[in-house]
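In structure tokens, the next block holds one chain alone, the form predicted on its own.
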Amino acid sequence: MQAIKQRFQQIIPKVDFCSLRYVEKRSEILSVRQNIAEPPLRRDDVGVMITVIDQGGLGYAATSNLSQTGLREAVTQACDWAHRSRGRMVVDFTNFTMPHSRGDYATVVSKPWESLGLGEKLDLLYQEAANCQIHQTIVDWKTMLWSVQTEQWYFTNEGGEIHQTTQYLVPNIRVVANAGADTQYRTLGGHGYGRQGGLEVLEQIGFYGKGRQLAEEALQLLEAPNCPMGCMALLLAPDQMILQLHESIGHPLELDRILGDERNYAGTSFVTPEMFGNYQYGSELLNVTYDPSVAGELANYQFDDEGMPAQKVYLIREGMLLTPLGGLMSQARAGLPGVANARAASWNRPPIDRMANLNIEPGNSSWQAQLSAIETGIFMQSNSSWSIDDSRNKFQFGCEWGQLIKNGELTQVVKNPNYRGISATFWRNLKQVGNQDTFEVLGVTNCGKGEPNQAIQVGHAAPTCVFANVDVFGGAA
């Protein structure tokens, strides 16, 4: 890196701002399906992005050629784009000030991925795969470990220097049961228990033994009746809460989406700039934070990809909408405050407004208190399907697991549970928020956005939550 830094310093152009962002990513996927190991997948990727701001214009260029010649060519191209874009940008960058931050961040890892050999890691997957095969109606099962390690350096023309290394592990188990025309699934954590860290994540989430539990639950679903239809109380587990949060709060609050950048690709938002500070998004129990500091969450970091320092910010406090998910450039466009969430999926993508760690803060209700308060309702767990309109307002979600609640107690298991609602009213019907004991750190590893598309990891943490008067129905969503 010292060589790359020196090469960059030798070719910095005479412009208002110039940065080099170096990203090296190493990933490995190991999986066992039906007790047979699938071919391991290994990917190593490295390159740099050059960004130039000059005389009101902005340009960037990426390259995997890290030689002096390769970096010089990228700088020349970025300068050319910056000059071509003068007077044609939605933001005039003439008086725009980029940070020149200095600092470090590193994921805390107690059991590195490399501490076990390939055979030992496959043995872990073989063991859980064998635990899944408990009955002839289990027709498919798969166990998986996905490890990603990233090193990133960020240099600017005025001495900014940031070094960040992250490691995360995504374990997964999926079990499929079938009887005739009926097929039921159980998946570890819905979208998975992705967390920053090494192999210690497996113990943190209770990975060992989950294969048999999921298989038993899949068999229960085959025997269960279909979810009933009606308007009732809904108790959501954290692994479904995170997707509800992701789709109907996270995406609607992305400031570039609010400003119209995503409308031809992934839609707009029902949220408008005028709503911030004035709009009651949910009940007074709803507190949503952007927080890059919760231990183990997927998107922990000290600085975003534009060098902005990251800190915890309330997006919604006591139900009131306060702050959008917007980085420095979107803040300048909208004249609104934001957060350090300008993030890029790789070295060859520019930073855009992304969710990072987006959490629902825990409340005061215990699990038992939440159940006891429900006379007629349903508990749902683990997302299986989702659909939301192009303004992120009307939605429909399906879950793998449902269980009826009668007079404060969990009763009959039901299959194919679904619910629907409208973001603008659903969150106002939030009646109880679980306490710290119900709070789980989870994540989404495939959030897609932008053109060209950028798939990125997002951390989410949430407690169990109770909503009133929800439209519930059964059948395939």
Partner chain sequence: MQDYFYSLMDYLDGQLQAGEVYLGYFSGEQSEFIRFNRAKVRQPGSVEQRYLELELIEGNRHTIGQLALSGDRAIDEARVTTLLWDLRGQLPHLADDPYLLYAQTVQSSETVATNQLPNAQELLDEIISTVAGCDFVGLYAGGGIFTGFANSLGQRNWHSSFNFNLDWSFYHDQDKAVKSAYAGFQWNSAEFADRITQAKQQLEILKRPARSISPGCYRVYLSPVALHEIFNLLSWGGFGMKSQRTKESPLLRLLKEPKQRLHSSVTLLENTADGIAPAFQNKGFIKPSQVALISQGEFLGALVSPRSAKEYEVVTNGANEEETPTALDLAAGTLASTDILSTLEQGIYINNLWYLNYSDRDACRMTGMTRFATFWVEQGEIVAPLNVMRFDETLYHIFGDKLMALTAAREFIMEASTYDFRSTNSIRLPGAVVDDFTLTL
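Note that the structure is predicted; figures quoted are calculated from it, not measured. Positions refer to the first chain, counted from 1.
There is another form of the same protein, the form predicted together with its partner chain; it is not shown, and what comes next is about it.
Though its partner chain is absent from this view, in the predicted complex it lies within 4.5 Å of a heavy atom of just one residue from 158, 182, 114, 318, which is 182.
Only one of the listed residues (71, 205, 266, 313) places a non-hydrogen atom within 4.5 angstroms of its partner chain in the predicted complex, and that residue is 266. You can rule out all but one of 406-414, 424-432, 437-445, 38-46: in the predicted complex, only 38-46 has residues with a heavy atom within 4.5 Å of its partner chain. Shown alone here, residue 394 lies within 4.5 Å of its partner chain in the predicted complex, counting heavy atoms only. Although the partner is absent from this view, residue 350 contacts its partner chain in the predicted complex, with a non-hydrogen atom inside 4.5 angstroms.
Contact between residue 54 and its partner chain in the predicted complex is not found at the 4.5 Å heavy atom cutoff. In the predicted complex, at least one heavy atom of residue 139 sits within 4.5 Å of a heavy atom of its partner chain. Contacts with its partner chain in the predicted complex, taken as any heavy atom within 4.5 Å, map within 87-105 to 88, 89, 90, 91.
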